[in-house]
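Next up is one chain by itself, shown in C-alpha cells, the form predicted alone.
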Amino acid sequence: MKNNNGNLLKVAVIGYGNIGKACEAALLSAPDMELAGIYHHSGVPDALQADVALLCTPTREVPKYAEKMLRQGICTVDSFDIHGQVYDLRKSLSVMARENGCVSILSAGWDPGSDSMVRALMLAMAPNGLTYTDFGPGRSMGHTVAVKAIAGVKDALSMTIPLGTGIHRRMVYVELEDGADFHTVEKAILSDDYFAHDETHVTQVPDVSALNNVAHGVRLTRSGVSGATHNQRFEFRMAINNPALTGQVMVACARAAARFRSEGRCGAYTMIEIPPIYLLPGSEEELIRSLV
C-alpha cells in the first residue's frame, strides 16, 4: 500500500518493548512500507513525520497516545486488549479520527484481532450455537504488563492456562522490589480487572527472567447450526510467539488504515470491520486470482 504521494507507506513505531521490536521486524520485511522511526513512548515528538503510527504502549496508555497521533493527522494502529472496553474506545477515537481526517484501527492483535475475524466467520457459517475461545498455555503480554505496573513489582510473568470451554486460570509470578510486601501486591493483582474474573494464583519468585517465555496459543471451537442442519463443528488452532504475531498483525492493519484513508473512510475500526484483502500487499487482481 502506498501513501497519497505514491511512495512507500511511512510507518513509525511508538514504544520499543517486545511488541515494538516485533513491529520493527515485520516492517523491515514489508515490501510496501518503510520505517519512519522508533520512539520510546515517553519521548514521542510533537511533529512526527509518518503516515501511520503503531502504538506499542501498555494497553491502558493507548488512548493517550492515539489522541496525540490523531491530532497530528497521523493514522494509528494499536493492540488494545481489554475486550469489554473496545467498543467505547472505538466510539471516542472515531470522533477524533474524523475530525483530523485519519483512521484509527484498534485491538489489532491476535485476540482481540485476528481471532475476532475467525469468530465472526464461524458465526456466519453457523448462526446458532456456541463458540469457545481457549487461550494458552502461554504468556499473556497484557496481563504481564498490568502486573508490572503495580507498586512494589520489579518484574512479572502472567501465564494463561486453559481449563476448557473458555475458562482460564492465571498463574502470576512476581519478583518484588526491596521492601515490598507480597500480600499487598497480591491483593492489588487479584483486584485488578485483568484478573478479577478468573481463577488467579500469585507466586513470589526470586528471578522472573528464569521463567520467561513468550510462547502462546489459542483454540477456537464452534458447534452450531447451518440453516436447519445441526452438528456443524469448526475448529481453529494455533501455537505462536506472542509478540511476533501481534507485531505482524499490526503491520498488516497499517495497510488497511492507509487504504481506508485513501477512500475517505476516516474514523475508528476494529478488525472485523476490515476486508481481509486490505491487510495484504499487492493489487486486488493479483490477490483475488491467487486466493479465490
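As the structure is a prediction and not an experimental result, all values here were calculated from the model. Numbering starts at 1 and follows the sequence shown.
Below, we refer to the form predicted together with a further copy of the same chain, which is not included among the displayed structures.
- With a 4.5 Å cutoff on heavy atoms, H83 counts as touching a further copy of the same chain in the model of the complex.
- a further copy of the same chain in the model of the complex is not approached by T59, whose heavy atoms all lie more than 4.5 angstroms from it.
- The shortest heavy atom separation between A244 and a further copy of the same chain in the model of the complex is within 4.5 Å.
- Among heavy atoms of I150, none comes within 4.5 Å of a further copy of the same chain in the model of the complex.
- For a further copy of the same chain in the model of the complex, the listed stretch (184-192, 171-179, 70-78, 106-114) containing residues with heavy atoms inside 4.5 Å is 106-114.
- Proximity to a further copy of the same chain in the model of the complex, defined as a heavy atom within 4.5 Å, singles out one entry of V202, V118, M159, M96, which is V118.
- Taking a 4.5 Å heavy atom cutoff to a further copy of the same chain in the model of the complex, the contacting residues in 238-262 are M238, A239, I240, N241, A244, L245, Q248, V249, A252.
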